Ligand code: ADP
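Before any questions on how it binds or moves, here is one chain, the form predicted on its own, in structure tokens.
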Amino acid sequence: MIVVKDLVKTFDGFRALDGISLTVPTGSVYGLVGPNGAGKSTLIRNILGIYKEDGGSITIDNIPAWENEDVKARLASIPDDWFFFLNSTIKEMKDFYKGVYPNFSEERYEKLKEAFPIDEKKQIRHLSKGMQKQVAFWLALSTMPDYLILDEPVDGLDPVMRRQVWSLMMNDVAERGTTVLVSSHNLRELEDVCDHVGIMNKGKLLLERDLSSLQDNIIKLQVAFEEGVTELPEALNKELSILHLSKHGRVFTIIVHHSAKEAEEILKPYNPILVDAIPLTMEEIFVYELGGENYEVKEIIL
């Protein structure tokens, strides 16, 4: 389990992380989402020990993460901009990883050649960005990590290879209990693999829930009343926790912070002639949750 508590990280007086706390349960796939500049990459670099926190704490399985070789030996990471020695071949990088990670598996490295059919004698700098990212997964998964920390992990991969790497990672989660923390802007993809979600903005955590609970507690309602009702009843406005409201013809579309059952019970006394509850995608939840943080899409006339 990764536990981040009251974490602060400052750069030249700017608080990139402003007292953030979150928990990544063991064996889970935790999706970390937020707008550009929210602090996601900074948080990941603190967890990996690249940055030292200015305040707060990070523990992995109740052990402080900073400058702890035993903890780091169990972590593998793939950053957005993966580092490798400029003139190294894949095989040479493999030997480097083998010297750093005590659990590195030659057997697994050889098996993964089937998934990543790239000549291991090639210099990595001569490979495309997508092929370099494949090499990063090849090596990271060969370390047999207990924790896999990913920052925009599948950026640059073609659709078939994206499926391949997610399949490999989810297999590790199921069979080895690997814990995955992944930051990504591809919310549609995260929706398929994550069981926990944290939404960040301005160095803080806006909310943290398991995905099913999150989707159960924010829904889209399409509601219509008898002819002549052109505005949502004022009392209903106060009873519903409304994130967004729009109207097309007689149908109101309302995004609310309620379960479908709760919302229908609140609406019942107002005798609607239509109530349709529609689950939101993770991308819609992200946009509407951040709407209160001035993150809504702005209409600009050019």
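We call the rigid core the largest set of C-alpha positions that still match within 1.5 Å between the two forms. Just so you know, these numbers come straight off a predicted model, no measurement behind them. Residues carry their position along the shown sequence, with the first being 1.
Beyond what is shown, the protein has a form predicted together with adenosine-5'-diphosphate (ADP); the following relates to that form.
Peer 1: Looking at adenosine-5'-diphosphate (ADP) in the predicted bound form, do all three of 25, 30 and 62 come within 4.5 Å of it through at least one heavy atom?
Peer 2: Checking in the predicted bound form: none of 25, 30 and 62 is within 4.5 Å of adenosine-5'-diphosphate (ADP).
Peer 1: Whether residue 37 contacts adenosine-5'-diphosphate (ADP) in the predicted bound form should be assessed with a 4.5 Å heavy atom distance threshold; does it?
Peer 2: Result yes; residue 37 sits at the interface with adenosine-5'-diphosphate (ADP) in the predicted bound form.
Peer 1: So in the predicted bound form, does any heavy atom of residue 66 sit within 4.5 Å of adenosine-5'-diphosphate (ADP)?
Peer 2: Close contact is absent here: in the predicted bound form, residue 66 is far from adenosine-5'-diphosphate (ADP), nothing within 4.5 Å, heavy atoms only.
Peer 1: Give a yes/no on whether residue 41 approaches adenosine-5'-diphosphate (ADP) to within 4.5 Å in the predicted bound form, heavy atoms considered.
Peer 2: Residue 41 belongs to the contact set for adenosine-5'-diphosphate (ADP).
Peer 1: Going by a heavy atom distance of 4.5 Å, is residue 51 a contact of adenosine-5'-diphosphate (ADP) in the predicted bound form?
Peer 2: Output for residue 51 is yes: heavy atoms within 4.5 Å of adenosine-5'-diphosphate (ADP).
Peer 1: Which single stretch, out of 250-258, 234-242, 267-275, 41-49, brings residue heavy atoms within 4.5 Å of adenosine-5'-diphosphate (ADP) in the predicted bound form?
Peer 2: Result for this chain: 41-49.
Peer 1: Taking only heavy atoms into account, state which residues of 1-20 are within 4.5 Å of adenosine-5'-diphosphate (ADP) in the predicted bound form, ordered by sequence.
Peer 2: Read in sequence order, the residues that approach adenosine-5'-diphosphate (ADP) (within 4.5 Å, in the predicted bound form) are 11, 14, 16.
Peer 1: Fitting the rigid core first, would the Cα of residue 120 be found 2 Å or more away between this form and the one not shown?
Peer 2: No, the C-alpha moves less than 2 Å.
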